[in-house]
Ligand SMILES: Cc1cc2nc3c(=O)[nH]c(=O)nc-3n(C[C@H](O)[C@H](O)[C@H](O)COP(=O)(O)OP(=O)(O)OC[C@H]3O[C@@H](n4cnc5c(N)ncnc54)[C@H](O)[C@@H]3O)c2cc1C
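Encoded as structure tokens, the following chain is the form predicted alone, with no partner shown.
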Amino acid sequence: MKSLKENFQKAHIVIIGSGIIGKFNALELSELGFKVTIIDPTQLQNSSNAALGLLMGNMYQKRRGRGWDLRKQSIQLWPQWITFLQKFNCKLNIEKPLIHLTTNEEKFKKLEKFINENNDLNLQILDRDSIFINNINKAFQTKNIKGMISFKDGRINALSLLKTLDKYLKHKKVNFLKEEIIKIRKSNNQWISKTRNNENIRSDMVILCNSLKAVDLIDSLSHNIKLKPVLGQAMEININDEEVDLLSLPKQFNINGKNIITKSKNKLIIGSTDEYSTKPEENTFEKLTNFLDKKPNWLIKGKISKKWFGIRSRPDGEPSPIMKNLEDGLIICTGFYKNGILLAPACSKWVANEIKNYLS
């Protein structure tokens, strides 16, 4: 009988989808010694390239169930993976802290209750007397912003992370195919992935990480999985106002559901994932800047220097994400909605364990 190590070295795994989840699975599996092929026709256009990289783990308020378990595991794994990946990019890191803010008094009371009940020293309430709040209220010309700060949560640069993963995967000789898979089927204990060009790619296992398109490759009668599209949008805004110094603000924070990242004295990024659509509307500026009752003048006059979007998938009728063993040798891992980067370590660990159990 073959040893488990021999099974690992000889097994070929196809990963369909090259976003953060697909690449992180490839990272974990190649470290275990598997031969890995990633297949994706539009690697540079997937939704991960539109991610802002905010890691909201400790400030997640529902502290029970699978969602919290995945977050807890990822929170523990991320520092280890950062140390590992810094061999390929010494500048890769998680910038901390992360600040969550609201102008809604009822929501603020819930934040206070959450922090008081959990007794976590890494989470603190920010009231109007906080220096963070003073600077934000001053910049946004308001008086009623309050919230909480998490000293353990933060942000990782998503594009830098993807490029670092690419560098690692190239080092490990992971194969990339720029093809579209239109059908998968099982034959004689092997999986056959058929490309649009009628090429058949054989593998021992297939992992579906291709967001909305994953459901097109599985038997809908056997597996009742539904995904709906979610639009994530972001824009970079140049501010032309000598009286405003954006560097006085925290590096990354959230106000009423809109994520804000300060890039320089006169440049910031605003983004969010909150629209069930596949196309951004023309009034992107209005949608992303309407997070206060009244906009400050400098924001009204701001000019968009860049804007981008990504289509993500959210499970319809079941919790996010979808991580299932569909058949022997077929795993689906998609529907991460807002949390693909945060949950990537826990997801890849789960996939690796499923594969090890399958081959043992």
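All residue numbers refer to positions in the sequence shown, first residue = 1. These figures come from a predicted structure and were not determined experimentally.
There is another form of this protein, the form predicted in complex with the named molecule, and it is not shown here; the text below is about that form.
Query raised in the report: Among the candidate residues Ser272, Asn157, Ser193, Ser74, which is the single one with a non-hydrogen atom no more than 4.5 Å from the named molecule in the predicted bound form?
Result: Here the answer is residue option Ser272.
- Message: Quick check on this chain: which one of Ser203, Thr102, Gln233, Thr164 has a heavy atom within 4.5 Å of the named molecule in the predicted bound form?
- Response: Looking at the other structure, the residue within range turns out to be Gln233.
Options 120-128, 137-145, 245-253, 179-187; stretch whose heavy atom lies within 4.5 Å of the named molecule in the predicted bound form
It is the stretch 179-187.
Quick one: does Asn297 come within 4.5 Å of the named molecule in the predicted bound form, counting heavy atoms only?
Asn297 lies outside the contact set for the named molecule.
*Would Ile260 count as a contact of the named molecule in the predicted bound form, using a 4.5 angstroms cut-off between non-hydrogen atoms?*
Judged by the heavy-atom cut-off of 4.5 Å, Ile260 is well away from the named molecule in the predicted bound form.
Check your understanding: Going by a heavy atom distance of 4.5 Å, is Thr42 a contact of the named molecule in the predicted bound form?
Key -> Thr42: yes, in contact with the named molecule in the predicted bound form.
Worksheet item: Is there a non-hydrogen atom of Ile20 within 4.5 angstroms of a non-hydrogen atom of the named molecule in the predicted bound form?
Response: Yes - in the predicted bound form, heavy atoms of Ile20 and the named molecule come within 4.5 Å of each other.
Going through 335-351, which residues have a heavy atom within 4.5 Å of the named molecule in the predicted bound form? Please give them in sequence order. Phe336, Tyr337, Lys338, Asn339, Gly340, Ile341, Leu342 sit within 4.5 Å of the partner.
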